[in-house]
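Form predicted on its own, single chain, as structure tokens, below.
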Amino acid sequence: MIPIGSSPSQPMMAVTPATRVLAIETSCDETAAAVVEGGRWVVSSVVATQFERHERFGGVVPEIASRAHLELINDVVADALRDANLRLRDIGVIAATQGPGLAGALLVGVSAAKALALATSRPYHGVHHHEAHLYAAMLADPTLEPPFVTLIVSGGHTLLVAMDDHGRYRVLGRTVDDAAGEAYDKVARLLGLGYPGGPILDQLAGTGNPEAIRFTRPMLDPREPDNLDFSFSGLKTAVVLHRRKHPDQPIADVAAAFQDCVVDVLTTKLLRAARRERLGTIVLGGGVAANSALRARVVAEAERASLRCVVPDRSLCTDNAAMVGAAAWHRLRFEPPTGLAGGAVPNLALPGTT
């Protein structure tokens, strides 16, 4: 834990549908700010990408990410307020992602949010990054209410979470090794596709034949229907071995077969979770939820199973501050703000889990 400041938590505040939250997100390599009203309506959302700074390294470099956040944060916040046609005095709460994420990157966002809160005498609230992804769906569909099952899938995390109520979650499954997004990036690098690998591989897979290769579906044993955990490290190895044995195989076919395998596992386990928990709504979240094949497969399977399905717009799946603002607004309905004593916590555990 990296504490910042030393003031105690602030007392409970009155949060109304008209309360506006200015939120900041800097957990990895996106510098983002947004204004959200009532926890469900995006007034403005600005995201500054660092893609070009990390491209030549083939991945995110923490030190570079932190320095970029420092350069960009003030302009991004100013742009979010300008796009909303608001001033700081019109904001009710200042929020920021406090974890999990890269330590230095988190510190920039948390420090900026605290400075704004201190300067304006507004409450500050720290938000869990995964909880923010849970609330992205409510920005996509303001009528959505728990309970439901969410698949959060990104470069660093693959989680199945049952949201029983606001602030009450159960982790049903998680990756035991590589996250799905991490596997995408590693396979893309193996195929020489460049960075960021996930979107490029997704596009290439659309031109290939997914039936040309049949990769084993990891941890999808029908004899263990209650096992909702994930593992993608072995699949990555299987792709490596296949390339060595079949170097002339079109890489579009390899990409398509790999993606088909990942999507099959993710979708099957999401549907299994909904059936096991007897929940009628499934939700996607996280950066890999922007993947075209995953989005299409989940929607199709949900329709086949007569389940309600909420798939946020791609801009709400990748890291953004609007989801942070939504999560802050909802949590402040039943607990006091974090206050200036709340620090950046790179390994922060999801609150309210059982």
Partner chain sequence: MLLLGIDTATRRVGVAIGNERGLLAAIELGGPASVGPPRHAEQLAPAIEFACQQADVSLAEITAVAVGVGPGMFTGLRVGVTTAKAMGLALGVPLVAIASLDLVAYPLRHADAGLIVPTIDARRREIYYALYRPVPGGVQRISEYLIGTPDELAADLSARGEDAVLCGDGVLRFRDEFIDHDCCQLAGPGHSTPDLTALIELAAARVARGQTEEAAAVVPMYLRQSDAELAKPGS
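Computed from a predicted model, the values in this text were never measured in an experiment. Positions refer to the first chain, counted from 1.
What comes next is about the form predicted in complex with the partner chain, which does not appear here.
Enquirer: Heavy atom within 4.5 Å of the partner chain in the predicted bound form: which of S231, S111, Q249, T281 fits that? Just give me the one.
Expert: By the 4.5 Å criterion, the partner-contacting residue is S111.
Enquirer: Please pick, from V42, A293, V47, I64, the one residue with any non-hydrogen atom lying within 4.5 angstroms of the partner chain in the predicted bound form.
Expert: Flagged contact: I64.
Enquirer: Counting any heavy atom within 4.5 Å as contact, can you tell me which stretch out of 31 to 39, 317 to 325, 51 to 59, 296 to 304 lines the partner chain in the predicted bound form?
Expert: Single hit among the candidates: 51 to 59.
Enquirer: How about E71 - does it come within 4.5 Å of the partner chain in the predicted bound form, if we only consider non-hydrogen atoms?
Expert: Looking in the predicted bound form, residue contacts with the partner chain include E71, since a heavy atom lies within 4.5 Å.
Enquirer: Looking at the partner-bound form in the predicted bound form, is P336 within 4.5 Å of the partner chain by any heavy atom?
Expert: P336: no, not in contact with the partner chain in the predicted bound form.
Enquirer: Taking heavy atoms and a 4.5 Å cut-off, does G173 contact the partner chain in the predicted bound form?
Expert: Because no heavy atom of G173 falls inside 4.5 Å of the partner chain in the predicted bound form, the answer is no.
Enquirer: Using 4.5 Å between non-hydrogen atoms, is G92 touching the partner chain in the predicted bound form?
Expert: Residue-level check for G92: no, no contact with the partner chain.
Enquirer: Can you list, in sequence order, the residues from 30 to 45 that come within 4.5 Å of the partner chain in the predicted bound form, counting heavy atoms only?
Expert: Nothing in the stretch sits within 4.5 Å of the partner.
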